[in-house]
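Taking the form predicted on its own, here's one chain by itself in structure tokens.
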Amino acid sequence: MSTVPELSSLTPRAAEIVSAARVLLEEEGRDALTVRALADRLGIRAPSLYKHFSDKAAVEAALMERGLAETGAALHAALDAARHATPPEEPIGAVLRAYRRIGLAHPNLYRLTTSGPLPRQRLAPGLEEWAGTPFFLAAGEPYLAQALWSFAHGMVILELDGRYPEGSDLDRTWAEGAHAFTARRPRGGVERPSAEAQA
């Protein structure tokens, strides 16, 4: 499996703050993740947090890094497992199943990481690209990869929000999406992304 890029360096105390922020986020959601609430959880005064992070957005960026790293690790592992299965599994289905699992397992971290503009300047270099590479490797073409991620993200959000009608067979819906994208996958090998597709 491809190695995750090194995350932004944190002091032990900053790492402790991020861990506490993640618990708060996972338990109560993004709106509950305030400087005051985080300080209360840590048993310190709110101004003390600013010795370690410039603002709340910096804490959120650290959480996003962990969300991207964990998602990327799950997707790269799914691709590796699909390649080594006997017989080999279709990579698109493997990536979609892994993406769904991690999104549903950590809904509030998922929402934080994927909602709104991504603060790329605050993230570890190369992390976003590394985390998304399994979609490209599975799809074999950059625009198809973007469409594949868009499908996966939309499905996860709709499932988290409970927007599908009661009784919907969502396993089948995900499988139908995998079949549709697999049918569009180039058969002559992976097409390298153009500068336009990467922008």
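Source: prediction; values computed, not measured. We number the residues from 1 along the sequence you see.
If you look for the form predicted together with another copy of the chain, you will not find it shown, but the lines that follow are about it.
A.B. asks: So, 168, 177 and 184: all three within 4.5 Å of another copy of the chain in the model of the complex by heavy atoms, or not?
C.D. replies: Each of the three qualifies.
A.B. asks: Just one of 51 to 59, 152 to 160, 37 to 45, 130 to 138 has residues with a heavy atom within 4.5 Å of another copy of the chain in the model of the complex, so point it out.
C.D. replies: Contact criterion met by 152 to 160 only.
A.B. asks: How about residue 120: is it within 4.5 Å of another copy of the chain in the model of the complex, going by heavy atoms?
C.D. replies: Yes, residue 120 lies within 4.5 Å of another copy of the chain in the model of the complex.
A.B. asks: Using heavy atoms and a 4.5 Å limit, would one call residue 63 a contact residue for another copy of the chain in the model of the complex?
C.D. replies: The answer is no: residue 63 has no heavy atom within 4.5 Å of another copy of the chain.
A.B. asks: How about residue 33: is it within 4.5 Å of another copy of the chain in the model of the complex, going by heavy atoms?
C.D. replies: Contact with another copy of the chain, no.
A.B. asks: Report yes if any heavy atom of residue 108 sits within 4.5 Å of a heavy atom of another copy of the chain in the model of the complex; otherwise report no.
C.D. replies: The answer is no: residue 108 has no heavy atom within 4.5 Å of another copy of the chain.
A.B. asks: Using a 4.5 Å cut-off on heavy atoms, which residues of 108 to 124 contact another copy of the chain in the model of the complex?
C.D. replies: The stretch 108 to 124, when checked against another copy of the chain in the model of the complex, contributes 113, 114, 115, 116, 117, 118, 120 at the 4.5 Å heavy-atom cut-off.
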